[in-house]
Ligand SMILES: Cc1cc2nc3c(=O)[nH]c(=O)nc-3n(C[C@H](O)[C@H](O)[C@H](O)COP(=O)(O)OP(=O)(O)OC[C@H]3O[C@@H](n4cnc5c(N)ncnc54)[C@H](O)[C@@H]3O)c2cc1C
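Taking the form predicted alone, here's one chain by itself in structure tokens.
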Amino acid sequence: MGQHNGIAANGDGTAPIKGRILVLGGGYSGLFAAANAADVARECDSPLSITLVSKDGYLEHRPRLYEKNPDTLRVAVGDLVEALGIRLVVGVATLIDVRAKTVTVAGVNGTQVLGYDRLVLATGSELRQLAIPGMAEFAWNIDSYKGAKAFDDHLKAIAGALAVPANNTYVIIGAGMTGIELAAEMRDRIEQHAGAAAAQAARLILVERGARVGPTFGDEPRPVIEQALKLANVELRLGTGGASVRRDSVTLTTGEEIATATTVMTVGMSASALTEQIPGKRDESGRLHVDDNLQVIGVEHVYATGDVACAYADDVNVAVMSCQTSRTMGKYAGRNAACDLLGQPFRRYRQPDYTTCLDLGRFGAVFTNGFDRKLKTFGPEAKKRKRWINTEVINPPNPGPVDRIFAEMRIDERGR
């Protein structure tokens, strides 16, 4: 797309660039933001310089990292973004200067400073390091591909020594969505590396600080979740949390010490620390408050989307940190950033039809509707829906005609 200074011609010299959009974050929200910005520029026949900064050039299927085979749970996006006329920069943003409208990016080839006319922050959320002694050194996580890969390598490493009780005891701290899904999947993950007998003999313990498992899921789906965990022979420790982690044990806040070589943390999520460099109001999770167009309130030329944005999904409910929210929100943020530059009308972000599909391993899944999570279906029927979401819905488009790719990535008739 030629130079990125906002005034140069396209590579073929046919038209001047109308402005620069810089998207930080190569997850669902960032990828769909960049694509929709490019779509608007194409619709308006007004060239924009659109740059996507991705830490490694891959889209991680983060909602699926509880599953086995983590190497299959990410996809390279270089060819896709190139086809859409988007510049891909592999690196990590380290410094945002909203006054100078620049971002410093550290990459494998050194540090560079990128300018922008509109910035879209889509750097997601991360597992917060809690004040638990030993957590950083000895606890595992599935918060990223890197974490999930390291965890899988650990499961392989201990597979030959499961006669040691601590090696075949697995403690998961946090009984939210990720913790429940991992607990329900763990026997399959153990079986993959150590065989069916070891998986059957494994001791699985799910720890939750709240009084109930799945504290945010409400009363309707909870009995189904509890039934599935019981059938999976998952022990529950409720009303407690992690107090300290060691290489071969974990101590809970109740004082109980459990011999284990595998403590997995699935609690303590917060918005990317880059939000702290934007001078806007943030919520308790670190998300930036945005208006209906996903512009950061009180900060010119900056949009936030996905897990870094505190946005209303309808007139009452704030959007939750989730894949389905991030993908849709990214579409609106990218579109509105481009419309802002090109003098086109904004499209108000709304996503009222929130649903949840929780994987429950061999039991199936549970599907809920609405922010109050009304139970719709569970078991094998819900599992089919979960597989459809995981294997089709969240995937980026396959290579092919650009018209089809844009059509698959833009806001659909439901507004999603």
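Note that residue numbering begins at 1 and tracks the sequence as displayed. Fair warning: this is a prediction, and the values are worked out from it, not measured in the lab.
This next part talks about the form predicted together with the named molecule, which is not shown.
At least one heavy atom of Thr178 is located within 4.5 Å of the named molecule in the predicted complex. The named molecule in the predicted complex comes within 4.5 Å of no heavy atom belonging to Glu208. Of the heavy atoms in Ala150, none are within 4.5 Å of the named molecule in the predicted complex.
Remark: Ile142 counts among the residues lining the named molecule in the predicted complex, judged by a heavy atom distance of 4.5 Å or less. The contact residue chosen from Gly364, Pro70, Pro63, Pro47 relative to the named molecule in the predicted complex is Pro63, the criterion being a non-hydrogen atom within 4.5 angstroms. The partner is not drawn, yet in the predicted complex one stretch among 107-115, 292-300, 315-323, 218-226 has residues with heavy atoms inside 4.5 Å of the named molecule: 315-323. Using a 4.5 Å cut-off to the named molecule in the predicted complex, not one of Val40, Gly85 and Gly334 places a heavy atom inside that distance.
Counting a residue when any of its non-hydrogen atoms is within 4.5 Å of the named molecule in the predicted complex, the hits in 81-113 run Gly91, Val92, Ala93.
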